[in-house]
Each structure stands twice: as structure tokens, then as C-alpha cells.
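A single chain, nothing else alongside it, follows as C-alpha cells in the form predicted alone.
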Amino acid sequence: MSGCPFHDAFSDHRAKGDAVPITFDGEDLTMIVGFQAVRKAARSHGEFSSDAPFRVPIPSEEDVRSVRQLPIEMDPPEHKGYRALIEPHFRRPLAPEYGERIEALLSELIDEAVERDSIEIVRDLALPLQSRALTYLFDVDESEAEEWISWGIHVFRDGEDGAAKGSVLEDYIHQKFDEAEQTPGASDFFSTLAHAEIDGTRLTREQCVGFANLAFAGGRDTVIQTVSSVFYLLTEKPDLMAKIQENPDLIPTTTEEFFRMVTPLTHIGRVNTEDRDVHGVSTPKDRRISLCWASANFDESVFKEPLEFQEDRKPNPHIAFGSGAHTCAGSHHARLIVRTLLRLLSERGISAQLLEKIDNVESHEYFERRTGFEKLVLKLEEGSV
């Protein structure tokens, strides 16, 4: 991989056109790689359907979950009513008091980090940060975060973090819905779903679990790796905090540029609804389509000098959070965390020295891409910018 902060793993694919045939984990896929083509496909539900249980995430997750994820594995118009059930929770980050809680949490964690000789960012800062922040999003007691921290940084993957994550996650979710069913009128995420109705009919337990499964899978590990990558960026661009100190108006554009270049989710699946030509690739009905966000966000026809981190990039129409009806519900939360983090780091003049890192790499026959870190040890210093 490139030695620059971020890496475009798909330029060779884009050189061949807007779509390429690939084999991913033994399955033939058509990967759409051009920005405009990906964006259009994400909004073309009649051609490329999300109504495909267990087939929307790439790679598939049949071995780590037992339920259909909602509402991501649904198509409009049905999708709209289901997403509306959880929308109030995911709009909570827009409230001023939510931002105040995130700022207090980040300040506490930064205080602890700069007092240490070194800190392992992934497990000792990013994991507790997002675990505790999710309790604000879900409107549950902050003590719940201790359980989530114990799962480690890969909620669906076994490894050095301990137990098999799929079973642990679903066991936990069932327990929370058992409790929620006994507390009508409560406002937390689990209670909202446990008593929710669609067209006058209560959600089934399986549907409730499908919502919660996605909320953890989609909003936990991705933010952990995003926050870790922000800290790594300090080591690669040591002048960035000084620039933001001088011009705080750079924080919003820096945040968007950061999401463009990191793009936490490499790609997501759709299912082809009939035999068709997809940008020159003959694609049979029922073949999975990869919408490759990570390629689209480096498309040279849309982003000038896409490998350069430009903190003042405008316009920046990135699709790191997806596009259309399925745009990530957690985008307000993620943006708030990164904007607040950049502001606090710049105000305090934080610099970072890299001591050790182990990349988290997606490695396949057709691409190799860093999606964060298994381990990132830094020395943080305050007032040195």
C-alpha cells in the first residue's frame, strides 16, 4: 500500500470503465467503481435491489447473524416507514445538549491520553469513546458501554478480542428487548422498537433484533476505526492542527475530506433484478452488485488530485455515507464526533508521535485496502503545535 495517509486501491479498476467483474470470496460480483455510476445505482432500486436478506453487506454475514438487518435490507417505499421508526434517535446528535455531552466525553478522554507516556488509540480511546457515545444515541444508561467495550473492536469477528461476537451480540440484544417489553413508555432505543408498530401491527422480535443488529454492526466498528484514523492523520500531517488553529472554519471541510479519504465502508451490495449490461459487464439476474464507495470517492473525474488530502476541498460531494434512501442514519453522530475531535485537538495544540501500528487490511485478489488499525500506539503532546 501507499505510504501516503490514504490509498486508492481501485484506480486500475476505474481505468477499465465504470464497472468490472470480480470474484469476491468465491462469489462472482459486478463491482461498480465510477462515482456517477455508483451514485446512480444506489438510487436505482428497481434495477439493483436491497430486498435481499443477508446479501447487502459485503462480505456476507450469514455465519455471524441470524436475522435480516433492518431497514438496510429493504427497498423503498417499504423502507421509508421502517426507517422512520428509528429516525428520532439518529437525529439526536443535532441537539445542542448532545454536542455538549460529546465534547465533555472527548475532553475527558484526551485529558487521560496526554497524561500517559503513550496510548493505544484503538482500544484505549476510540473503543470507549464510541461505546459511551452510543449510549447517548440509544438513550440508555452510560454503564451499558462497559458491556460493549468488552466485545472488543470487531463486533462480528472472533479474534484476540475474545468470544465469538455474533452470538454475544444477539444474546445481548434479546436480553435488552426482554427488558424493554416490560417497560412501556420508556424512550430508549430498545423500548422504542419493542413497542413500535407498522401499519397498526407490532414489530416482531426478529424485526426488532434486525434493527438493533444493524445499529451495532453499522455504527460501532466503523466509527472506532474512523476515530483511530483521525489520530493517525496527525502523524502524517503534523501541520494540520496549526492550520485549523489559525482558521477554525476549516473544521467542516476537513471533516468531509477526512470521510472522503477514509470511507469507512469499502462497498455494499445490491442484487441485480434481471439480466442486464452493467456498464459493459454482462450481469445475470440475481448476481450481487458491489457499490464501491471507496473507489467512487477517489474518482479523478470528480475529485481533483484525489490522493491529496485537501482540508479546504470544495465542492466535496463524497458518498462515504452512501447515497439516496439508504444514506447512513448515523452520519450526524459520526460527523459530530469528528468535528468535535478536530476542534478540541486544534484548540489544545495536540501533536502525535507514531510509536507502533498494525494496519487493519482488507486483502482480496482484486484489491488491498487499509480500513483502520488493529493497533495504533501514539504519544500525544499538548501545546506543541
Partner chain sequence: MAKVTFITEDGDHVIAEDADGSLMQVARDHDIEGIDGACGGVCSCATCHVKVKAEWLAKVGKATEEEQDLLDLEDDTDERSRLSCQIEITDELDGLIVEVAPL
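Keep in mind that this is a model prediction, so the values were computed, not measured. Positions refer to the first chain, counted from 1.
The discussion below concerns the form predicted in complex with the partner chain, not included here.
- Remark: E256 counts among the residues lining the partner chain in the predicted complex, judged by a heavy atom distance of 4.5 Å or less.
- Although the partner is absent here, G185 lies well away from the partner chain in the predicted complex, with no heavy atom inside 4.5 Å.
- Proximity of S351 to the partner chain in the predicted complex: non-hydrogen atoms within 4.5 Å are absent; the residue sits far from the partner.
- For the chain shown alone, P77 is not a contact residue for the partner chain in the predicted complex, no non-hydrogen atom being within 4.5 angstroms.
- For the options I149, V114, L94, L307, the one in contact with the partner chain in the predicted complex, meaning a heavy atom within 4.5 Å, is L94.
- Of the residues given (R39, K357, R55, R343), R39 alone sits with a heavy atom within 4.5 Å of the partner chain in the predicted complex.
- With the partner chain omitted here, the record of contacts in the predicted complex names 86-94 of 218-226, 134-142, 274-282, 86-94, defined by a heavy atom within 4.5 Å.
- Along 316-349, these residues reach a heavy atom to within 4.5 Å of the partner chain in the predicted complex: N316, P317, H318, H332, R335, R339.
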